[in-house]
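Next up: just one chain, as structure tokens, the form predicted alone.
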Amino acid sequence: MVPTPQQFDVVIIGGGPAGYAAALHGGLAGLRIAVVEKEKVGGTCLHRGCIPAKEFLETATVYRTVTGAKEFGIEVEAPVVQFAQSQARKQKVVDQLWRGLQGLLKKRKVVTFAGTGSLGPDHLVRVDDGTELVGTHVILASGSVPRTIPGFDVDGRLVLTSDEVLALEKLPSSAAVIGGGAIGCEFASMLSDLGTQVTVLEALPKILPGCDKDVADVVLRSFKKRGMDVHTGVNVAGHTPSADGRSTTVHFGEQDVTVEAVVVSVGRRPLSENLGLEGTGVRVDRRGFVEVDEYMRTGEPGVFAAGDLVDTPALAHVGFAESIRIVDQILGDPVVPIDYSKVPLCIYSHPEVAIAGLSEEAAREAGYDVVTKKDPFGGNGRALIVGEPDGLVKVICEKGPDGKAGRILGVHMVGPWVTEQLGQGYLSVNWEATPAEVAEFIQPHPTLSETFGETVLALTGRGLHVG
């Protein structure tokens, strides 16, 4: 006799940020929820992405701090990088967060099934171990995997993706990072700070596409000052391993570079090929993304999709926000669609980058007449105290009928700890505030966040310490 499928209010395929956020939110509301996850809950973000990468970037920060201690009157011996120890610390952090997440899911009575889930007609989800589940609602959140490029087959030795880099026990002496976007710049920054000779190869005209040019230029200057070779507007054309297999020569444009490792960092692709979907109204586009409307609804009634599986910014916090809105709809609560043009983005390279809203270039391309103001961290007391004066804050505003700065369209920052300062910038953009309104915020002194306050105040014509 065929077992009767287990019944749930919501069945979620994928236990990454989008999947577990939906489970936690729905579990808190009393929904009976099942999560099907082929590896460990937490997904790429926790195990092979955000958390591990930032742990290694923090290792680089500590190394820079110790190396520069003499400037602060502290005499120390020359530091030595023991990357295996950093790897062990990374795993400790990941495991602690994973155990906490497992405990929280259990507390909210979420049932987890190990395996790969696929969706068939009538909301039937089959797990590859034979288990069958039926959900009144189904959420597809199977996530993504690193993209690869022709001519660079990943072998985990000479050619690596983010997955393999984050599992290294020893760093290469030299590396070519293919891709100058957010992930590529984070890896390039970390590797360079820890002693690897880095070459960055980016096909587009500038690194950090999507960031304001003034912000990207600060990062570029820092990279070059630290000895990195950065090539933009170039296409890679394969690589030739050495006879002993210890290095390889990457071909790009009319040039070559020989390195111990190649880090392919050209983004991620949706992991949709194992979802089944036959006999359902769910549609997948030619790039592998599940098609959804602004409310994350697929073409199959009662089936939603979220996170990296859909064509929205591939950021963990976007997956969180999408899943919360899905569950709220299931609960019958009112929902406002996400305005993706305002989603905040943080990049943890050195220097850090934090943005919310449109860059100056994007605002002009969208047809806005703009007023902008940018101010450097070089005049900020706290930045000088911590020894990080490089960077700036740039605020982009819509020009009003009187020629003055109207609503804030974008806030782009680069410099010390800007990832921790973006909150007020995002609030300003999301609430469509004007500089006059935001200038009422009292900024504590001395803080790095004063630079944002000074920039906004200057847009009202009442700047104190800036021109």
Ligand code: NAI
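Note that residue numbering follows the sequence shown and begins at 1. Remember, predicted model here, so these are calculated numbers, not experimental data.
Unshown form predicted in complex with the ligand; subsequent notes refer to it.
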Are any of the heavy atoms in I385 no more than 4.5 Å from a heavy atom of the ligand in the model of the complex?
no
Exercise: Y348 in contact with the ligand in the model of the complex, heavy atom 4.5 Å
yes
Report whether the minimum heavy atom distance between A305 and the ligand in the model of the complex is within 4.5 Å.
no
Is there a non-hydrogen atom of L392 within 4.5 angstroms of a non-hydrogen atom of the ligand in the model of the complex?
no
Interface check vs the ligand in the model of the complex: of P270, G179, G357, G319, the one with a heavy atom inside 4.5 Å is G179
Exactly one residue in L101, A261, I324, L315 has a non-hydrogen atom within 4.5 Å of the ligand in the model of the complex; which is it?
L315
Name the stretch, out of 339-347, 241-249, 285-293, 123-131, where some heavy atom lies within 4.5 Å of the ligand in the model of the complex.
339-347
Using heavy atoms and a 4.5 Å cut-off, decide whether E186, A203 and V236 all contact the ligand in the model of the complex.
yes
Would you give me the residues of 121-148 that have any heavy atom within 4.5 Å of the ligand in the model of the complex, in order from first to last?
R147
